[in-house]
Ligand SMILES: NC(=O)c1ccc[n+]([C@@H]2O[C@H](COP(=O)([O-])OP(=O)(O)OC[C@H]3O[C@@H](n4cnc5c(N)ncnc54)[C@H](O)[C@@H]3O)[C@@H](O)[C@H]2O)c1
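Starting off, we have a lone chain in the form predicted alone, written out as structure tokens.
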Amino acid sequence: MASDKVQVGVVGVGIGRTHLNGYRKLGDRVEIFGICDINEARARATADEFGVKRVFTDYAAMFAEPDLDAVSVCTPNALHAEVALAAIEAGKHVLCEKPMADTLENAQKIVAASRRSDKVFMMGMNNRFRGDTQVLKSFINEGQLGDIYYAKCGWTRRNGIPGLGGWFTTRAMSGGGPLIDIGVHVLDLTTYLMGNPAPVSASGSTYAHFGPRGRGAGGYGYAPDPGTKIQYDVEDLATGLVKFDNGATLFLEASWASYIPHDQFYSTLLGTEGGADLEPLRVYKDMAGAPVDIAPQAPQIGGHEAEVRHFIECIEQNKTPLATAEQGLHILQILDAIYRSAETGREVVIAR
């Protein structure tokens, strides 16, 4: 590194704002070297807000700067691989937002490039770093749940289609709808808690009954300019059933819009010695011959901030990140298999 501080650049100022907040809170350990976005006005406004001097509209120009140490890739999904690969080839440490790439081929390129590099490559799977997640992981590591053989997880919204008509709802830019946008979070969280078993097959279904009719808008994301024709060629609800190499099974559901009482985020684990839920965090056991529900006290740790802090620690200490490129590839393999199953109506075998 050119200085005692890790010099970091952020590409994309949508979700990139959460990365900027995380870096800013690390104080003297990090300096935000520059911000890059194709929308120069938005980039400059964000740079002014965070006190960043350098603004770029071309990520290649930023990566060419020798003093830049690390990069957060926070672009639309279709650009993740392009930008991440360029950063790796430029010799930078990389924190890449989920999903790793828009295609399996591009994800495999990232895995290969990261293996050749001596720099840190980390996936931005922020829910792994939450306080309640880490407490539950400790229970699991101590054997309190035994062998986890079944899990179910989901993130469902009543009205939460992001940027209706923008890049989120355009398959060519996003790669899909809620499955790849928010389903990826609970899928990664749950497989992480299960011990990251390798997926062997998946079945799935997808539905689009809200977005094509202009319904269900809400949440985050940039909508297109007024008068722009609505683009919506992704699903607004997806379900999947995944099988793993250790015999475990996982059920997943994700929706941006559906007629449900309220939004829900959940992960449920069933093991041979106990079960568990997130959210809220609960562990279910038998103790002294009777069923017991345990409510662990978890620290209030935000996933995004802890994720960014872990990334910097990995750079400073030259250690392997908690969310690796190979694990990111496994998650993308599952998403790809669910989408292909939805198209064909058949179970899809995942190549190993």
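Keep in mind the model is a prediction, meaning the values are calculated, not measured. In this text, residue numbers run from 1 along the sequence as written.
From this point on, the text means the form predicted in complex with the ligand, which you will not see here.
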Query raised in the report: Considering the ligand in the model of the complex, which of 176, 99, 211, 204 comes within 4.5 Å of it through any heavy atom?
Result: 99
Requested in this report: Could you tell me which one of 87, 254, 242, 74 places a heavy atom within 4.5 Å of the ligand in the model of the complex?
Outcome: 74
Report task. Mind telling me which stretch in 115-123, 76-84, 256-264, 191-199 gets its heavy atoms within 4.5 Å of the ligand in the model of the complex? Result -> 76-84
Report task. Look at the candidate spot formed by 38, 59 and 304 and say whether the ligand comes within 4.5 Å of a heavy atom in all three of them in the model of the complex. Result -> yes
Query raised in the report: Do residue 185 and the ligand share at least one heavy atom pair within 4.5 Å in the model of the complex?
Result: yes
Query raised in the report: So in the model of the complex, does residue 342 come within 4.5 Å of the ligand, heavy atom to heavy atom?
Result: no
Query - Distance check, residue 11 to the ligand in the model of the complex, heavy atom within 4.5 Å - result: yes
Query raised in the report: Does the ligand get within 4.5 angstroms of any non-hydrogen atom of residue 15 in the model of the complex?
Result: yes
Query raised in the report: Within 138-177, which residues come within 4.5 Å of the ligand in the model of the complex, counting heavy atoms only?
Result: 167, 168
